[in-house]
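Only one chain comes next, encoded as structure tokens, the form predicted alone.
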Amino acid sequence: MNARICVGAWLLTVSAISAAADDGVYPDRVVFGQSAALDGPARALGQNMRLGIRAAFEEANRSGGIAGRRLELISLNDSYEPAEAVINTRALIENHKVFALIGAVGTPPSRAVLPIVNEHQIPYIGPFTGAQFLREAKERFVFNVRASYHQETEMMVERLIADLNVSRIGVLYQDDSFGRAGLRGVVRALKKRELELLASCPYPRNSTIVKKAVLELRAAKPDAVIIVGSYAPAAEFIKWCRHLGFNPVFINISFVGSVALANSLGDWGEGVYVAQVVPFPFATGTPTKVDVVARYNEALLALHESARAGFGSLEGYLVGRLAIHIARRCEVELTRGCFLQEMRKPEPIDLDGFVLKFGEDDNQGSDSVFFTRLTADQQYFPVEVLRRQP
């Protein structure tokens, strides 16, 4: 009997050691790490990504987590600065020993930490960026949920031309790798149609220094301005344009932070368009055809009864749901190797109506781009066709 007890104890010990063979996987929990902007001018982006991921994790924890293990998220603030993202990423991997990185925010931070991701061969799940370099087949540890900036800008140019007969297009862009990625996408889409960009003006990251861009773009007289930036400078730019009587069609890339943009613009925002890469997130108003939106709203309220739905937190929720779905395929034998292998399988992943599909050389799950329009009372509604402001 004593021998059997000893053998049983030894097997339990081996099982526990096996379960914790990879960093971040313990008998009672699985730990993920996030470096994102949680303060500063882009704080709403990181805060909403974290909110959505936490809603997905807590929803899963209520139904048993991953084979009885709770999902935990450690979030560190990088203020949307690449150097801080590097420090945080090393701390999450080397000190906090996380299983995977999830929900990073922005192109410049992602570019800065990518060498660390490859060095440690750690999953990098659902970064909040459409940058093309993260979508190259050689990036074996990166898994994108959202459509790329090239796809967004292609759709923007297509709709501006087809719906509004607009070809005189200018660009306001953040002067870094993110802004230039969006700018390249616009130029590429125009060149495909044998058109040229009318004007482009940069502004510094983490600033609202846009007055020079306002004056230069107003002088160029575009019929539409595509904005590749975050909500604070985008709102400042639009308000100054309106104040000066310069009223082209304003259309923002999805990274802008839609709810924060609406709040910043107030009644200056009527008629402003925002491209989106997730379905319409609001439970009230326009009915949704995607069941995941109802699940998201329920999970958000369960996490915090005063939480407000939005595009950013829905994206975080979808990213969290993807991580949970793949981890549950591995169940008890959860390792990074299993996770990476399962993520690369070509079978569609149906997240209650929002379908993702990856492959051996395809690390982007969704190609969907939607459009929304802002009203004077700071509400969004989905649109199929772009129209000029009355």
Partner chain sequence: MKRRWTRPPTVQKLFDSAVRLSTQIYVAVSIAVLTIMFASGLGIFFVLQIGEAQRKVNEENVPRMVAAFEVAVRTEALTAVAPRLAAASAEDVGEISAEVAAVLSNFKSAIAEFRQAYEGEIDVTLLRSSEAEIEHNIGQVEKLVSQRTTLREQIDLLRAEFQQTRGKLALYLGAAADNQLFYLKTGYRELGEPPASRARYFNEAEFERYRLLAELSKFAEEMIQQIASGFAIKDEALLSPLVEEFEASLAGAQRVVNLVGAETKELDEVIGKIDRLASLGIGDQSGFSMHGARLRIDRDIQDLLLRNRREGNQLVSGVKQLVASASTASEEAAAFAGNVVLTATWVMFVLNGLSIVGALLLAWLFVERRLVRRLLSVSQSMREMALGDLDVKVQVEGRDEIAEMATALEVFRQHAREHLRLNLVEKMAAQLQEKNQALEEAMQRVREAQDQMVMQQKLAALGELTAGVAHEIKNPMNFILNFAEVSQELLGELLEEIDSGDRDAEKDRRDGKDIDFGLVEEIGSDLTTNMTKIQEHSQRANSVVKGMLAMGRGTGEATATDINSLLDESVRLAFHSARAADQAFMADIQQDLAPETGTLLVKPQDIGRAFINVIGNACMAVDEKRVQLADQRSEDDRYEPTLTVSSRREGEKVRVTIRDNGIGMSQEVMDKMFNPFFTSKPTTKGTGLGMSLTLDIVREHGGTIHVESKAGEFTEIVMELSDYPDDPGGAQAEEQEAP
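Residue numbers count along the first chain shown, from 1. Everything numeric in this text was worked out from a predicted model, so none of it was measured.
One more form of this protein should be noted, the form predicted together with its partner chain, which is absent from this view; the next part is about it.
- Every residue in the set Lys211, Lys239 and His243 has a non-hydrogen atom no more than 4.5 Å from its partner chain in the predicted complex.
- Between the options Gln132, Asn263, Gln121, Ser207, the residue in contact with its partner chain in the predicted complex by a heavy atom within 4.5 angstroms is Ser207.
- Arg218 is the sole member of Arg218, Arg168, Arg111, Arg184 with a non-hydrogen atom within 4.5 Å of its partner chain in the predicted complex.
- Proximity to its partner chain in the predicted complex, taken as heavy atoms within 4.5 Å, picks out 243-251 from the listed stretches 85-93, 243-251, 159-167, 124-132.
- Contacts with its partner chain in the predicted complex, taken as any heavy atom within 4.5 Å, map to no residue of 99-129.
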